[in-house]
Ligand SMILES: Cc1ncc(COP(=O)(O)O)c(C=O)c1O
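Form predicted alone, single chain, as structure tokens, below.
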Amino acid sequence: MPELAYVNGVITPLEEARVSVEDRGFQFADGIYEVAKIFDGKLIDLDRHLARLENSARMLELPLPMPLPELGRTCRDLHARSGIEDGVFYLQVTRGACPRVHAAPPGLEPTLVMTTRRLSRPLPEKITAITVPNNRWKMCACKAIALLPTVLAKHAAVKAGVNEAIFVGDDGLVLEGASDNVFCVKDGVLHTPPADGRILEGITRGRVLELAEERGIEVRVAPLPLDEFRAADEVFLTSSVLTVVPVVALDGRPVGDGRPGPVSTVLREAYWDFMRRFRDVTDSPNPSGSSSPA
């Protein structure tokens, strides 16, 4: 089960992969990315990830290196070569490499990097979190590689002795975690902030909303004030890697009774059941309906 890297058509062991020091991803964070979960030998929701990648590319006017169907086949081929059963699949596209200049010259070839990694440790069944001020740019719907605010938020979480940091806007509205989407439960009703451009519309977030509807759980997608969030009976986060994980303490205080709540538990089990049943379509059409690069 080797950990592999793909860089512009060349596949090597992960530790041997190299990109140019003049790549615009390195110089300017001029790129986009996706992270998909590998579970039981399957790439979970790859087509949804590729559709979001295409949307991010469109927002930045960044050309993709190949049409989405071909990109999907390339992802699946690398995954198959690695043989990893449980891990993380990373995909990154940058505008390419050139001498350092802010405005990219025309005709650059995009840089495509993909990696496969095994999970380094078991996933947590519950976590703790703090809230931090939102200091990010206004294009959070774009999954860009410019992640310094996320890095600083993660550092703040480590310094506070917790697992995660949750961004709160200047208007007092809860937005999302540093690397995950946010949900809370009050009186049996599931609440989550809207995907209105201030957060990333998570792939797992979308699945959880579908699973909640299937199970008859009332859902309210609306702005979420911090005081209501702190008073919730349950809080949980979602991401492709973490899946669904309850938050049992927030800003040093227990959430509810300090244990994973019933709605969080139901949705966590539902999502894991979805992954067990998931069947990847190895030759799926372009998820966005377009066959040309963004």
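If you're wondering where the values come from, they're calculated on a predicted model, not measured in any experiment. Residue numbers here begin at 1 and follow the sequence given.
A second form of this protein, the form predicted in complex with this ligand, is not displayed here; the remarks below concern that form.
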query: Interface residue in the predicted complex among Leu224, Ala165, Ile203, Ile127, criterion: non-hydrogen atom within 4.5 angstroms of this ligand; finding: Ile203
query: Contacting member of Thr131, Thr74, Ser179, Gln92, with respect to this ligand in the predicted complex [4.5 Å, heavy atom]; finding: Ser179
query: Stretch from 257-265, 62-70, 22-30, 238-246 whose residues place a heavy atom within 4.5 Å of this ligand in the predicted complex; finding: 238-246
query: Exercise: His191 in contact with this ligand in the predicted complex, heavy atom 4.5 Å; finding: no
query: Distance check, His79 to this ligand in the predicted complex, heavy atom within 4.5 Å; finding: no
query: Residues of 48-76 having any heavy atom within 4.5 Å of this ligand in the predicted complex, listed in sequence order; finding: His49, Arg52
